[in-house]
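Presented as structure tokens, the chain that follows is alone, the form predicted on its own.
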Amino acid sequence: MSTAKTEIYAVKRDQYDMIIGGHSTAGSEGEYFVTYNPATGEPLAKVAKATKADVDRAVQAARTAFETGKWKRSPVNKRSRTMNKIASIMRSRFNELVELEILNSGKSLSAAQGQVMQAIEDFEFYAGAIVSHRGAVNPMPGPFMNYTLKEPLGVCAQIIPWNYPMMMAAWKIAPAIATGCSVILKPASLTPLTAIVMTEICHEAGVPEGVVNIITGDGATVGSYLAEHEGVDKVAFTGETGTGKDIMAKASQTLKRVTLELGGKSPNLVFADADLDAAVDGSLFGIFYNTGQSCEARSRLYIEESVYDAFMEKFVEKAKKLVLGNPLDQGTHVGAIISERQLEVIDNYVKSAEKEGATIALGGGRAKVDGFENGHWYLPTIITEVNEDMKVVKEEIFGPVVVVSTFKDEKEAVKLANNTDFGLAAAIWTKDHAKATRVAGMIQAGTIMINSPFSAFPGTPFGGYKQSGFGRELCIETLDLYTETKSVVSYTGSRPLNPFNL
């Protein structure tokens, strides 16, 4: 096992190590795994493979940094300046980070640019938000005074998915270190590269050793062990609902704090009085952005009966124009699927829909992309003639596949929207503001988009209802999830208190 102090590395390289206690390190057994370029299917780099012993090392480094280090005791303005410096370094390396994100995830250039930019803005947002995050003075009777303090929670394990590698890392790291916590980040094995680079940038900006640690390896082993580790005070997880339930069960054994941002099957409601052109464009983005590999993808499209034909004619024709191609080209709309395994999952869902009697209005199979024949590609797919009992309607597919149905009126639209185990997001398209407000109030989802395809900006709460999880990220309220509230009660009277009258 080799160890070296972190320094300024090239973003793109052939080998990536973990970072524990401020040092780049191989795993305790010296093993590496290979990560691939989804667009080409070719090896991209080798990455250090963590063991449980490495998790122990990372937890100890984070615990030492938290309990004896300077970070949590640093003036809030100093932490704020450091976070702004992280953002500044990321901005200076923006193009490199975007390229690495594309190579490791297969996503399109425009998607990667937007997501890396949001990662930068997350650090800037929390650099400002933490300055105003404070306790309160509460009214008390007589000669008593009560004030509260916001204190960092402790050591936080953060487990992120493969669909938004750098953005999810920022969503997790930024609020945690803003409050003074120490973290162990565990990125997805398919896409660990930009998260490793972000950790390096944190140290370059002045975050002390041990405050941000990153371990890479198998989620079933490393992630599971983190969730149950006695040295971890909180687990924040983004990913599949079943895994989230398992993490919650393991975390409960030591009563850890838990934040879960899980799956979705988000509805997209198009009313007859909507601007149909805007609804078509927004609906295309809502499902085919990021190749449909998004937890809040609007994968259930419901259209009011009277405009179904008009909407679908435009929707299908525009979907045919979506470009699959080199993810580094500006003109590419839809990137690659993350892996061959996920491609097979998507295709099996589509085949199941056909067997159950649905109609494939567009796509429905693997795509061939010139120059990228060995990559993982799937055609943008539109499925009609579905019913609410079909697997493609009930279960999260996580690919460029949308199912389309109709509704008769506002009441039925809300019923269909809520007919799911999930509740992450929903979209509403109508020119009637009163209707939009009514419907938004009745839909059981954490984020409601009205006449807009965009769901997340720094400062806007993001999280779900029902089996989409709990806790909110990307907002000021997130800081409360990484802090303890301490209540201090003080007696200020001139006479000693004698409650027992002794």
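Note that the structure is a prediction, hence the values are computed from the model and not measured. Counting begins at 1, following the sequence as shown.
This protein has a second form, the form predicted in complex with a small molecule, left out of what is shown; the following refers to that one.
In the predicted bound form, every residue of the candidate spot (187, 220 and 238) has a heavy atom lying within 4.5 Å of the small molecule. For the candidate set 418, 88, 254, 224, a heavy atom within 4.5 Å of the small molecule in the predicted bound form is found for exactly one residue, namely 224. Think of it this way: in the predicted bound form, the small molecule has a heavy atom of just one of 379, 159, 120, 369 within 4.5 Å, and the residue is 159. Residue 432 falls outside the set of residues with a heavy atom inside 4.5 Å of the small molecule in the predicted bound form. Looking at residue 396, you'd find a heavy atom of it within 4.5 angstroms of the small molecule in the predicted bound form. A residue is said to contact a partner when one of its heavy atoms sits within 4.5 Å of a partner heavy atom; residue 264 meets this definition for the small molecule in the predicted bound form.
Proximity of residue 246 to the small molecule in the predicted bound form falls within the 4.5 Å heavy atom cutoff.
Only one of 256-264, 360-368, 127-135, 74-82 lies within 4.5 Å of the small molecule in the predicted bound form by heavy atoms, and it is 256-264.
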